[in-house]
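One chain follows as structure tokens, the form predicted on its own.
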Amino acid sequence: MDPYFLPKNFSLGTATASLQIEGGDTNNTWYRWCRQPGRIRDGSDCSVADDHWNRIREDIGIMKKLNVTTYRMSLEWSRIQPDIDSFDRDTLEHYRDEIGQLKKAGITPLVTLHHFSNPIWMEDSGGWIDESSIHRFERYAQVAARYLGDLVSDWVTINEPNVYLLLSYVNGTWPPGERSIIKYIRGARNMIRAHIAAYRIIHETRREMGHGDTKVGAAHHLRLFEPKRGTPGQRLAAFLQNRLFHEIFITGMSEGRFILPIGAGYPMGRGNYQDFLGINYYTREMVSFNITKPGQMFGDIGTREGAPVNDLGWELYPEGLYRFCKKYYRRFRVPIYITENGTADREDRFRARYIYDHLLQVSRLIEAGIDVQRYYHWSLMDNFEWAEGLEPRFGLVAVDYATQKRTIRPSGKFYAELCKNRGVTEAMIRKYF
């Protein structure tokens, strides 16, 4: 292992999502989903999670100990808009206070509008499959920008639309639990158009407020799909995976262009609808073609034989981050934010090495002239991991859910030193590895 360093203007932070940490909200789709037996693998639920809603000051104090300069958080739409006709001022004030505390602590917020969770009223009136979702999301984005826009310049519209639609409308393991590739395609059209509408309205709203520093993008979940042995069928499977899981969303949300199978042309007009490209990267998959599995984009998916894996069986493959960033920077020439990168490691055996290896790839990218500007480690602390429940542990900070005690893990201490030193020193290598 060798030392490496990052530029002084490079931002290092952590990331969370509101539903996964806040607790206390009963008006969202996941709260209702958790009430149905068998939906959550470990039998837990999101009703309390990390109780972050009541522990903001404590959690920001932990961020300061980690020496982060930026924090990716999300707003809970169901709290802000409890029904179709009203917005809750107290909730908006709560988020204003949280963001104000972050800024006072010297931490720049990157605010996400949609992170897998819908208001129940929105879901029950068609959700993302209904075209009304486009205007509804645009209206929500406008309210958020008007109320928080003097404090927040950096926005993510939608987090991982591919993951959300796949698990909600094809695999059926997330609410509303449907199984239809047609609904996946319909939802993709609507989420792409909603992103573009939100991109425009956030810029317009903050411009009217006198701000010219607005940055808006989406956070794309990218998994490297490679043919298992390189046969023609496996190459076709990898192509379909990449097309249906990545390209329709990246092309649509970046350029406004629909590509097959979701359509063709520019339904919202040709343009550039990203001020940065958000990349969430975790792993790669080895695939082979299987026409009977539309729920896996017509492929059998597995891990490379003998590869190191995390607690969820995901391969540890840091080189994939380099490959994706290089590919998409050459295509779009916009700044790249690593909006999520982390691993499930309950015993904290390999998380520090995971961080070292992936930020090493970032340093290589920067040396190669790729404009990577930010890195957000997923996650600040253990949280409710959707259908997996509370069992997976992604946090730099361990959470005892019975007592809500937070404890910075050794990997968190490593990351804190990395943030302070803007890289990894020889002394850190001796200390942690």
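What you see is a predicted model; the values in this text were computed from it and never measured. Residue numbers run from 1 along the displayed sequence.
We do not show the form predicted together with 1-deoxynojirimycin (NOJ), though everything after this point is about it.
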| item | value |
| --- | --- |
| Stretch in contact, per heavy atom within 4.5 angstroms of 1-deoxynojirimycin (NOJ) in the predicted complex, of 156-164, 194-202, 327-335, 125-133 | 156-164 |
| Interface residue in the predicted complex among S288, N280, S363, T251, criterion: non-hydrogen atom within 4.5 angstroms of 1-deoxynojirimycin (NOJ) | N280 |
| Partner-contacting position among D51, D45, D59, E385 - heavy atom within 4.5 Å of 1-deoxynojirimycin (NOJ) in the predicted complex | E385 |
| Residue contact check: F116 to 1-deoxynojirimycin (NOJ) in the predicted complex, 4.5 Å heavy atom | yes |
| Interface membership of E76, 1-deoxynojirimycin (NOJ) in the predicted complex, 4.5 Å heavy atom rule | no |
| Interface membership of F350, 1-deoxynojirimycin (NOJ) in the predicted complex, 4.5 Å heavy atom rule | no |
| Contact of W30 with 1-deoxynojirimycin (NOJ) in the predicted complex (heavy atom, 4.5 Å) | no |
| Complete contact of W314, W378 and F394 with 1-deoxynojirimycin (NOJ) in the predicted complex (any heavy atom, 4.5 Å) | yes |
| Residues from 324-343 in contact with 1-deoxynojirimycin (NOJ) (non-hydrogen atom within 4.5 Å) in the predicted complex | E340 |
